[in-house]
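In the form predicted alone, a lone chain appears below as structure tokens.
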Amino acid sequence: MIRGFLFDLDGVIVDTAKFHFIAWQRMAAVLHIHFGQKENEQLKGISREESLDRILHWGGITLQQEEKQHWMDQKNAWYLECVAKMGPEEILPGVASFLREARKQGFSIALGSASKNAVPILEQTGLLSAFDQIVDGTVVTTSKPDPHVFLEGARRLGLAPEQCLVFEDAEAGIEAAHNGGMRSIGVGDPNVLHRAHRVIQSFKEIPDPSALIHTL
């Protein structure tokens, strides 16, 4: 029986993926590396450092660790400029009501994200109190499809993996859920997220958490 929900952040709870794209594209332009939507799609669900490594690889550029840290910090500063302007309007459709209903129905709720900015984003949007546990890039260093972030979320909720349902918008995140022995809901393109147990376009499709469980 599913007793807990584990949520990715970017593209699932809030639409901050566009801010990551803006910041990475700005950095890539300075380094004269082509970076478009196709490349951005390949960064979903992975850490900041691995994202930088991929972009540098595409551009045929090798940097020392100190230089890499500079660009990670710069990219994050540009990203946070966007985050600072966020408000509740950035919450994706149906998410806030789903979280409220899940809490009413007694489900435990955790965040499982590679983002190191999860707490300020949730504070900016007024959602921090909706989560029982936050497991983010400040806690876990391995990237999805490694299941560590979700397994740690389950552990902190006091639940077994099979008692948890993961909500993800990235293929690597769906794979991470399955690697951890959990069921998954894909949020987004069914052609990309076809391995999920169910794919939705919006949380408006699933207003009742308990009813959702019975469809899996």
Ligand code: B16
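None of the values given here were measured: they were computed from a predicted structure. The numbering used is simple: start at 1 and walk along the sequence shown.
Omitted from view is the form predicted together with the named molecule, to which the following refers.
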**Report entry** H178: touches the named molecule in the predicted bound form, heavy atom cutoff 4.5 angstroms
**Finding:** no
Query raised in the report: Should R103 be counted as a contact of the named molecule in the predicted bound form, where contact means heavy atoms within 4.5 Å?
Result: no
Query raised in the report: K44: heavy atom within 4.5 Å of the named molecule in the predicted bound form?
Result: yes
Query raised in the report: Is S51 a contact residue for the named molecule in the predicted bound form, using a 4.5 Å heavy atom cut-off?
Result: yes
Query raised in the report: Within 4.5 Å of the named molecule in the predicted bound form, heavy atoms considered, which of F107, Y79, F131, W71?
Result: Y79
Query raised in the report: What are the residues of 1 to 40, in order along the chain, with a heavy atom within 4.5 Å of the named molecule in the predicted bound form?
Result: D8, L9, D10, H20
